[in-house]
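Before any questions on how it binds or moves, here is one chain, the form predicted on its own, in structure tokens.
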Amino acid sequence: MWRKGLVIFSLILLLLVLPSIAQLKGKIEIFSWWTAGGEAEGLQALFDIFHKKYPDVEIINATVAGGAGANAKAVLKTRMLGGDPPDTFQVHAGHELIDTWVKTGFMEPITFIYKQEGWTKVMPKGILDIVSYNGEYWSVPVNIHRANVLWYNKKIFNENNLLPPKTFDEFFKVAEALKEKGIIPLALGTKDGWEAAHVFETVLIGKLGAEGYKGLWDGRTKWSDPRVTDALETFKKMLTYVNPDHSARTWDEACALLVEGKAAMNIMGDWAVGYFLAKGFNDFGWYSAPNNADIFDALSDSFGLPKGVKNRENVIAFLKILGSKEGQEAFNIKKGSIPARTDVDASKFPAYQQATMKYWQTYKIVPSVMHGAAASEGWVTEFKDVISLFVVRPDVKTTQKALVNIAVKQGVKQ
């Protein structure tokens, strides 16, 4: 008799569970720019989890290639303004999310998901703050990236008895030694237009320090500051050590020069780890970009819920996976970033990410401008364009004047 009762109880329990798995049908369109090695694998890991839980929902992987969303953001803007939002889309937490899409009324708050899933207890305040506005949460941070990392080919450094440079003076000594050996000192790709500005961002941090750099975005530091002049002069000198074909390469194609043993160093965010590991390249080392020691230049990728989407319930289910322990571990191990959650099992991650989890807890945090955390999208775009022009025509005086004018245009007194 008790066995019959146990069977009935099990059936009832199964019936209670099954609907949550099977009731979702239809489609979900997920818009992102994750197509390169590491990031594509991370995205697929999320899709695998979603498909296992919701096998009747078709995933439409709407990617637009181009690092930092160089091409995707324009496509997204056209769709959003045209009343055709994707079901969910990748957006950098911070100003890019809040200024571009939340304040303008394109997003639904998702505070109810945070309450249901208990995320405010497992995500740090600094991350929760940059996805918040007017007391509501607006997106789910799936990761934390560090942008100011110098990557190097260990074999090249060992064969030439070199140590990774910690300062700008050391960088130029190492670069000169490599150049004399016929090795490209610094791999750079500027094809998508943002990569040079990314490197310059780390030079600004190195010259101004954490507080001085943060002050650029709220007026406490003037763009006419002599340290900005110094940063431009230093960046101009760094550009004399890059590969001559940089304008034909994307960020990952620049990283490929390290993998192939043709270049010794690269300054890029830690999505480079995902690329290296996806290519089976493990002979890489890392250090902070010159003069960036103990500073964590941070950004976070997130996804939200646009108003008026066709598959709202499927999006909510996907967002819950993004914020889950399972989702954050599966994604970030592949992507090269660290989870936004603080309760993950660090031992599952490669050495770089384990180290970065400690950096995140101990270093000074500054927001990345090139990846949407420090300034509005309009400011970021003009900053990117000015530095892209500087790569072609490195006129320090004219460029600094342009950077001053952009800040004024953005309402920051100079």
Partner chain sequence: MKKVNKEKIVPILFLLPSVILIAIFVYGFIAWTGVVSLVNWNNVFPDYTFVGLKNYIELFGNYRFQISIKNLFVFTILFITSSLIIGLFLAILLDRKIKGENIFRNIYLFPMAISFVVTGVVWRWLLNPGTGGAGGSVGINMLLDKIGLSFLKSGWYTDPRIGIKAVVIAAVWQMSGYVMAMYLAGIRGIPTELFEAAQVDGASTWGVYRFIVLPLLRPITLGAIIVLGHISLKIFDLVFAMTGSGAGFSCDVPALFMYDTTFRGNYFSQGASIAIILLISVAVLIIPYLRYSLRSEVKR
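Numbering follows the first chain given and starts at 1. Only a predicted model underlies this, so the values are computations on that prediction, with no experimental measurement involved.
Another form exists, predicted together with the partner chain; not displayed. Remarks below refer to it.
Just one stretch in 383 to 391, 28 to 36, 353 to 361, 49 to 57 has heavy atoms within 4.5 Å of the partner chain in the predicted bound form, so which one is it? After filtering at 4.5 Å, what remains is 383 to 391.
I need to confirm a contact call. Of Asn311, Thr100, Asn291, Thr221, which residue comes within 4.5 Å of the partner chain in the predicted bound form, counting heavy atoms only? When the partner chain is considered in the predicted bound form, the option within 4.5 Å is Thr100.
May I ask you to choose, among Glu136, Asp230, Asp245, Glu117, the residue with a heavy atom within 4.5 Å of the partner chain in the predicted bound form? For this set of options, the contacting one is Asp245.
Would you check, heavy atoms only and a 4.5 Å threshold, whether Phe106 touches the partner chain in the predicted bound form? Heavy-atom contact with the partner chain at 4.5 Å: present for Phe106.
Partner contact for Ala70 in the predicted bound form: the partner chain, 4.5 angstroms, heavy atom: Looking in the predicted bound form, residue contacts with the partner chain include Ala70, since a heavy atom lies within 4.5 Å.
Does Lys77 reach the partner chain in the predicted bound form if we count a contact as any heavy atom within 4.5 Å? Contact check for Lys77: yes, within 4.5 Å of the partner chain in the predicted bound form.
Lys166: heavy atom within 4.5 Å of the partner chain in the predicted bound form? Lys166: no, not in contact with the partner chain in the predicted bound form.
Residues of stretch 253 to 268 in contact with the partner chain in the predicted bound form (4.5 Å, non-hydrogen atom): Those in contact are Glu253, Leu257, Lys262.
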